[in-house]
Ligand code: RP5
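Before any questions on how it binds or moves, here is one chain, the form predicted alone, in structure tokens.
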Amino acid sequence: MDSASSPLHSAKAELKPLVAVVMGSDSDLETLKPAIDILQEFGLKVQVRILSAHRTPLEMVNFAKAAETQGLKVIIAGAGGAAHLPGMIASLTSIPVVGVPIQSKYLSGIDSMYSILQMPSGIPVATVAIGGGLNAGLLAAQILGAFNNKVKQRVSDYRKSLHDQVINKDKSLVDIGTNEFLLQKKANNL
């Protein structure tokens, strides 16, 4: 499908959020905020919700069942504690779901990561690193970029900026040496 005729490219689609970021608790927002930020930086509208698979299961089910008709194209779901939210949402919609394991107090998010990774056959959930909100946002943008050249270009520009940052750091390290580089780095982080 040509991006000009894609539903992601229409004026009507521009008015609606294309990505939802969902968490089971407001304590997950700090981990998911980088996903929201990068998507908004790319000019995408984001719907942000708190929907617990255990404390608000009916609302979570209603959200997941209505997601496609509301125009959502990707759902990012935080997985903390019992980590059921990404999998439950994925079981209720055909929209791609990206699970973000939330670092936990007792098991460091490994439990959440395993929960997302071990989805049963037929109910896939993409998984990023523990605490990987930024990568979840970038993956959502890449999925949308497959159908929208503007989003695809923004992802490419972002990648180029990462490349340029490393090239500039390498040049600085070579020019000023290890000790001065570390001193400047420490001064900039304070």
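The first residue of the sequence shown is number 1, and the count goes up from there. Predicted, not measured: the structure shown is a model, and the values here were computed from it.
The next section is about a form of this same protein that is not shown, the form predicted in complex with the named molecule.
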In the model of the complex, the residue from 142, 27, 56, 70 that sits within 4.5 Å of the named molecule by heavy atoms:
27
Given the stretches 117 to 125, 144 to 152, 130 to 138, 27 to 35, which is the single one in contact with the named molecule in the model of the complex, using a heavy atom cutoff of 4.5 Å?
27 to 35
Exercise: residue 79 in contact with the named molecule in the model of the complex, heavy atom 4.5 Å:
yes
Is residue 102 close enough to the named molecule in the model of the complex to count, meaning some heavy atom within 4.5 Å?
yes
